[in-house]
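Only one chain is included here, represented as structure tokens and corresponding to the form predicted alone.
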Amino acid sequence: MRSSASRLSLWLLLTPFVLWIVLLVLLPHLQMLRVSFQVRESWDTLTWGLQQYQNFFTESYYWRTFVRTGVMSLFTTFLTLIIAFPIAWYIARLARGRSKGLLFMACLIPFWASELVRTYGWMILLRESGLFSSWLQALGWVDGPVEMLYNDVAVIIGLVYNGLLFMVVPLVTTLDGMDENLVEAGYDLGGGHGTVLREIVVPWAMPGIVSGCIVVFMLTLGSYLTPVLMGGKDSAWFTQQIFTQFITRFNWEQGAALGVLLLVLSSVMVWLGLKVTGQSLRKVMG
């Protein structure tokens, strides 16, 4: 009787998760894959083929945008890691008592607002009449207003800011469990700051590094609002091409193919990251 009740409780707990995965993840992706192999010959006639994928490789704008998005996502992920690591180290190893919670809360508070609100906040700061332009003019470094929006630097700033928390959290969790004696032993054996960081801290934090990089890379690769708003209409982000095919041109077949390709790129990069770092998905995701 108790065993049956335990199994029933387990199924009741798993049912929402299973329904979420099947209905909102698995089935939509399978449908998108199916649509990507359809070729519309007329408004009411569909056949099967690889025409949508051929279009991707023959239209240089598609694959150039695809490569550009992948490269910029990798660079954004790397930059986010470089910024997040010292923050996570300070919170996990140096902060004590209430200050640790306050610092972690300071990282969390901006994410109480939506991505749209955060992006508009950066647009207010970087526009011609924004705070940064006003400071530069007040300091006498420029003669007139400076437009800092609608370029790759502005896009990367927005993407790094939006991904920072997702890098800090796994790093703090990993570094918080590191034995302080390991670091002290490294210094006692004559290691410098760089040696201790390379030989002790980074290997220990590797699961958190890989976990954070996976999440930030996938979020950056699939981002739409930040590249469009901060990069302008010529931002050339791949998700913008998918949006254009689905919403503007009503070409669902081509949009589905581009979506599948983006999913493949994301999956391949995650697999390569795990292989290069020698980590497993189970270990990285805890």
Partner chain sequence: MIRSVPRSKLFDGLYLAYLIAFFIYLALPLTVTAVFAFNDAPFPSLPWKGFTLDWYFADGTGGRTGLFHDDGLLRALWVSAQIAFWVTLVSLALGCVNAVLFERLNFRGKEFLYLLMLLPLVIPGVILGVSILVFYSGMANDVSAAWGIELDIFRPGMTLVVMGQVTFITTLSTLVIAARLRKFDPQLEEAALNLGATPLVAWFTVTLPWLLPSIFGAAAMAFLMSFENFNTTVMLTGSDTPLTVALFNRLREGSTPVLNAVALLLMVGSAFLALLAMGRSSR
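None of the values given here were measured: they were computed from a predicted structure. If you superpose the two forms and keep the largest set of C-alpha atoms that fall within 1.5 Å, you have the rigid core. Numbering follows the first chain given and starts at 1.
Another form, the form predicted in complex with its partner chain, is not on view; read the next lines as being about it.
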query: Interface stretch in the predicted bound form with its partner chain - options 202 to 210, 140 to 148, 70 to 78, 156 to 164, non-hydrogen atom within 4.5 Å; finding: 156 to 164
query: Interface membership of L262, its partner chain in the predicted bound form, 4.5 Å heavy atom rule; finding: yes
query: G278, heavy atom within 4.5 angstroms of its partner chain in the predicted bound form; finding: no
query: Exercise: V25 in contact with its partner chain in the predicted bound form, heavy atom 4.5 Å; finding: yes
query: Proximity of G222 to its partner chain in the predicted bound form, heavy atoms at 4.5 Å; finding: yes
query: Partner contacts for 234 to 268, taking its partner chain in the predicted bound form and a 4.5 Å heavy atom cut-off; finding: T239, I242, F243, F246, I247, W252, G259, L262, L263, S266
query: Threshold 2 Å Cα movement between this form and the one not shown for V18, core superposed; finding: yes
query: Large Cα move at G232 between this form and the one not shown, threshold 2 Å, rigid core; finding: yes
